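To begin, one chain is listed below as structure tokens, in the form predicted alone.
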Amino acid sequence: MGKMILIKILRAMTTLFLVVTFVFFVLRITGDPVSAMMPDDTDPAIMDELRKQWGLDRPLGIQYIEYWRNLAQGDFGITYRDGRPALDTVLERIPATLKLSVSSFLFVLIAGFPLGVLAAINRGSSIDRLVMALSVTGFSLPNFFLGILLILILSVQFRLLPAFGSGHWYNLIMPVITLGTAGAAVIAKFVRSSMLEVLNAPYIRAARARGATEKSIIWTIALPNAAIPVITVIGFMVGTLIGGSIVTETVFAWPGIGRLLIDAVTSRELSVVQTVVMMIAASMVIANLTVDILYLVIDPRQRFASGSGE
């Protein structure tokens, strides 16, 4: 198992390296930050001086090597407009994004698991069909559409919730629903499928034969076993929530790193964009790596397979 974990860690590091490299070159190929920031009538000499000051006049290869050299020293670059460290600018926004992402993740689990179990134990009934219909609808709705729809209904029409802001707990309600609905739909569907497979397993029939109650079978035997394959989906869900927060934060003017990323791309703040993308990619890679390792730990079949491979 140790060899398998080491391979997964190396793959995760390679993925992160490739993402950072790709973003570095794409940002510099697609536009000039100086031209984007300065007025059209700016003296070319001034613009050339700014490029020289920010190191944008050197060849891309030299810039790339210098970028990694600075990263190794903990230097993520500075913002062009105010000269602040890019890392400080990003770290200021992380608490807001964590607040939204963690709340949305809890919503995904709290809504998805019970709905999936409910559909499984009522297979073929109107309840099952209703849950599956809601799952398909929730997964199909784009974040931006659902967010705008909630604003129109709950903020504009009924004036129940504020459309923007982050100062109170109720500011979280609409962003959390927007960000977590698709994830809850996916979890519900996977839990239902996994529960149906487990409920037909021989050890479930044996438990019934021993006189175990249906409630005990579902919650203490079937659900823990059904949750094992769902763990992999949850790992991907973390990445989906982080990526989806970019759109959600923009729709609700939530002051997190997703909204910061959009603003930084618009203003061509290369250091900020690179830092945000690196953090998002790292969080997604770490989440998936953690799930892979947990899967090896809790599933004896995976441990046996890795042991046989070694």
Partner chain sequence: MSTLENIEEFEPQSRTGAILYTLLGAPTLVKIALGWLLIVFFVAATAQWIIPFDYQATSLLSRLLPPGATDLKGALHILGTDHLGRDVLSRVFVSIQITMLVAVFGTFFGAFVGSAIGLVAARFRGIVDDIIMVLVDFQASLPFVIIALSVIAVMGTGNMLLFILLVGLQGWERYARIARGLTLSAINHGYATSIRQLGAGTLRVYLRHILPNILAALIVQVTINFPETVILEASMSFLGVGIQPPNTSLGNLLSYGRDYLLNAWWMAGIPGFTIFFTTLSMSTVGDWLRDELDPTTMSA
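Numbering follows the first chain given and starts at 1. Values in this document were obtained by computation on a predicted structure and should not be read as measured data. So that the term is clear: the rigid core is the largest set of C-alpha atoms that superpose within 1.5 Å between two forms.
Beyond the structure shown, there is the form predicted together with the partner chain, which is absent from this document and is the topic of what follows.
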### Message
Under a 4.5 angstroms heavy atom criterion, identify the one residue in 152, 110, 160, 102 near the partner chain in the model of the complex.
### Response
152
### Contact test in the model of the complex: residue 51 vs the partner chain, heavy atoms, 4.5 Å
no
### Query
So, in the model of the complex, is residue 266 in contact with the partner chain at a 4.5 angstroms heavy atom limit?
yes
### Query
Does at least one non-hydrogen atom of residue 189 fall within 4.5 angstroms of the partner chain in the model of the complex?
yes
#### Entry: 4.5 Å heavy atom contact, residue 72 to the partner chain in the model of the complex
no
### Message
So, a 4.5 angstroms cut-off on heavy atom distances: do all three of 239, 243 and 247 pass it with respect to the partner chain in the model of the complex?
### Response
yes
### Listed range touching the partner chain, judged in the model of the complex by heavy atoms within 4.5 Å, from 72-80, 112-120, 88-96, 131-139
131-139
### Message
At 4.5 Å, heavy atom to heavy atom, what parts of 266-282 sit next to the partner chain in the model of the complex? List them in sequence order, or say none.
### Response
266, 268, 270, 273, 277, 280, 281
### Query
Any chance the CA of residue 67 moves 2 angstroms or more between this form and the one not shown, core superposed?
yes
### Query
Would the C-alpha of residue 129 be classed as shifted by 2 Å or more between this form and the one not shown after rigid-core alignment?
no
### Message
I want to check residue 205: does it shift between this form and the one not shown by 2 Å or more at the Cα, with the core superposed?
### Response
yes
